[in-house]
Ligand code: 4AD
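Just one chain follows, in the form predicted alone, and it is written as structure tokens.
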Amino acid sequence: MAEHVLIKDVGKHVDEEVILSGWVRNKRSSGKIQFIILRDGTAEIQAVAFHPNLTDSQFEKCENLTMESSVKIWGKVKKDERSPTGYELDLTNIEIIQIAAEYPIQKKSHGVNFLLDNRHLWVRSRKQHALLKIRHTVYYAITTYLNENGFYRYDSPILTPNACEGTTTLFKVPYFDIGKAYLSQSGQLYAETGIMSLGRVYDFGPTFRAEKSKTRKHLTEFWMMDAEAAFVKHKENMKIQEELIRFVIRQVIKKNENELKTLKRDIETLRKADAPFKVITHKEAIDLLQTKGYDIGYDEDFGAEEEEAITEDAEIPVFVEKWPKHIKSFYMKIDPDDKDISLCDDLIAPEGFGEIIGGSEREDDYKILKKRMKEEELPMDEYQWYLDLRRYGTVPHSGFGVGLERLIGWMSGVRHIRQTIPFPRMINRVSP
């Protein structure tokens, strides 16, 4: 009796009859032969319908198939070196689940807006399918590394009473009798509470920034992993970040070779990035940019162009550490050797993909943190719980945040991060 199997497993059933279920990627015919490309989410295979081996009714069903029709088919697995998967199916029977209507996305060029309007269908395409598989690998690689290195999952709320990354990019929502709440910009402040209980923690979920930006690196809703660790200082914090990213690189190369080929990603370039990362200070980065002709001062932040210039000669990511404190957040610890510098880092990916991590040692001194918060005119009542962490058992601690979509973009070689999330949200798009 034929066994129901996944397409990825047909190699275990050579010369056996199997049952496959899936969708028609494409179809072509040549007289008494129909070639049906079937996909089921795990892989694709070509099924060959040869009329002399089928009844007239069975062959007619094959002729009536349209792109994205759903079917259940029976056939014998054959080795075929010409096939991308190394196997082919000699079809012996077919059951039609549904004949799909004329599919909107055809094998021709479509505009970006059309594809985004049809994102619910576009995710089925080969490249989008490959990106979604890489996203899955990157997500679980991050959590696997953290789980194996003493971190515990610790979920932060999405609805919050205050800001983490500045008040200008907050999404405000009405909240019952309280009046207002905000969609979370980052889980970092809440993650810091977890280290006093668990030592090392991370959260992983959607975050929101009301940034009126149309760049290829920005979404209004994106996924962020925030990690925090007690008794970890600045340099060790960067070591953890490096080990994490190098682990992700290895996992993607190991598990997504076919997807990387589908996306025409240079795998050797990724392998070269799995090497000790370069570390420079913000001042050294400014020196480098000035030698390249950039008009930028020592108290300025980088834009996308400057990030690209910093790594244009590098095969590995570059840490830019020790930034001027006035362009970084209030919770970052001040360098004891220079009161104008924060002990923080941005990790910039090569090949022009830009920042993928932001991290720092956190300010653990109650008086210093309170002073900085007052200087930035933060509402002290709303942050009292955060200050409490420095009153009851404060310790040196550090953390960092990884932008999931930006990391996927680098791993996959895709330039615009709108393709790295199932349903992108941008300033001009909130559907489908």
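Start at 1 and count along the sequence shown; that's the residue number. Source: prediction; values computed, not measured.
Below, we refer to the form predicted together with this ligand, which is not included among the displayed structures.
Trainee: Can you work out whether this ligand is within 4.5 angstroms of a heavy atom in all three of E211, G358 and G403 in the predicted bound form?
Mentor: All of them do, each having a heavy atom within 4.5 Å of the partner.
Trainee: Counting non-hydrogen atoms within 4.5 angstroms of this ligand in the predicted bound form, say which of R246, K217, R119, H129 makes the cut.
Mentor: Selected residue: K217.
Trainee: Find the only residue in I341, I142, M224, A349 having a heavy atom within 4.5 Å of this ligand in the predicted bound form.
Mentor: So the residue touching this ligand in the predicted bound form, by this definition, is M224.
Trainee: Is it the case that S186, even though its partner is missing from this view, gets within 4.5 Å of this ligand in the predicted bound form, heavy atoms only?
Mentor: Heavy-atom contact with this ligand at 4.5 Å: present for S186.
Trainee: Answer with yes or no whether V24 is in contact with this ligand in the predicted bound form, where contact means some heavy atom within 4.5 Å.
Mentor: Contact check for V24: no, nothing within 4.5 Å of this ligand in the predicted bound form.
Trainee: Is there a non-hydrogen atom of Y331 within 4.5 angstroms of a non-hydrogen atom of this ligand in the predicted bound form?
Mentor: Contact check for Y331: yes, within 4.5 Å of this ligand in the predicted bound form.
Trainee: So in the predicted bound form, does any heavy atom of I417 sit within 4.5 Å of this ligand?
Mentor: Looking in the predicted bound form, residue contacts with this ligand include I417, since a heavy atom lies within 4.5 Å.
Trainee: Tell me which of 393 to 401, 379 to 387, 57 to 65, 42 to 50 has residues with heavy atoms within 4.5 angstroms of this ligand in the predicted bound form?
Mentor: This holds for exactly one stretch, 393 to 401.
Trainee: Using a 4.5 Å cut-off on any heavy atom, which residues of 239 to 270 would contact this ligand in the predicted bound form?
Mentor: Stretch hits: zero.
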